[in-house]
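Starting off, we have a lone chain in the form predicted on its own, written out as structure tokens.
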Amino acid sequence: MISKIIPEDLITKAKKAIDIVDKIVIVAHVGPDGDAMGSTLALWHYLMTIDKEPVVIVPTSFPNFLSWMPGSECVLDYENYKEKSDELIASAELIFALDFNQASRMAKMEDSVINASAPKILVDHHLHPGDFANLIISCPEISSTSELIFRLICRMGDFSKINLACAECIYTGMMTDTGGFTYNSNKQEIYTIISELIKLGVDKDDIYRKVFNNYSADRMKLMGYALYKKMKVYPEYKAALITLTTKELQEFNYQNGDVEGLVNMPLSIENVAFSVFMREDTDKIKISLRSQGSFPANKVSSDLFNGGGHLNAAGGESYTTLNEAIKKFEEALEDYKDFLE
């Protein structure tokens, strides 16, 4: 038995919204990660079992290490299929927005979704949800949106509709958004849910191998280079920083997802409680932040890099040069010294 985190009236409204429509579009955030893909595909599989016509559309492509996920071959990439995606969004009777809190996280897909006439349901676990949806299911205390999808399906009385494919997607999202259950994962009910997913046939060890042991040799070399050449440790602040330029990424034949998990690695260093990874992107600096204990990675992200997230896992962006972003980070370290344990 798991607690009823989602208010009953929201469950009732979500179920009614689903029951009266057929064409449902499910969207996620730009640069979809394991939880974005896990939650959207889990909902997609569930809706298929109750004879709906769902489609998953993501703003940009997802990492190659998630391409094994059941149903991933049916996901539309808005960047490459804009016209078809716009048509599907415009004709949708209901839109689910999963794993993001602000409409801007849909990037170039934002206008299409916001202007669509279909009612919208937001299901998310990040702080400060926006007001772009008609129904908001926001539970920041939950470690992943995939867990919320499991809870939503169960509360609607449809646990029996969770097939193996759906269960695998839920588990993948839960696993990846907790770093393999190494942070934001100390609540008993997470493991109650995992137990139920295993009963449905989920092979957790196989999923771990598919996600975390499925990279290229170039990716391994890139990680080694980043740690050996580009990691800087700040002992007095219990912090570490890794940076990579576009040129450096290209030297190692960078593919989408190749730096996944890199930001976590400095946290294995003794007395490092806070880790930041910055990489040059097309028009901005992408920033990932991770922490241990009570150090607020989300506060740093919000204060410095227009971002947010959870206590121990956050993200942000900078529209400066990489060197300017580094300088801003280094100059601000003293401001967060009081948060160190």
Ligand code: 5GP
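It should be emphasised that the depicted structure is a prediction, and the values quoted were computed from it without experimental measurement. Each residue number is its position in the shown sequence, starting from 1.
The same protein has a further form, the form predicted together with the named molecule, not shown here; the description that follows concerns it.
Contact with the named molecule in the model of the complex, judged as any non-hydrogen atom within 4.5 angstroms, is confined among 36-44, 49-57, 303-311, 62-70 to 303-311. The named molecule is not shown here, and in the model of the complex it never comes within 4.5 Å of any heavy atom of Lys204. A residue is said to contact a partner when one of its heavy atoms sits within 4.5 Å of a partner heavy atom; Lys299 fails this definition for the named molecule in the model of the complex, lying far away. Looking at Arg219, you'd find every heavy atom of it more than 4.5 angstroms from the named molecule in the model of the complex. Of the heavy atoms in Lys238, none are within 4.5 Å of the named molecule in the model of the complex. The three residues His126, Arg290 and Glu317 all sit with a heavy atom within 4.5 Å of the named molecule in the model of the complex.
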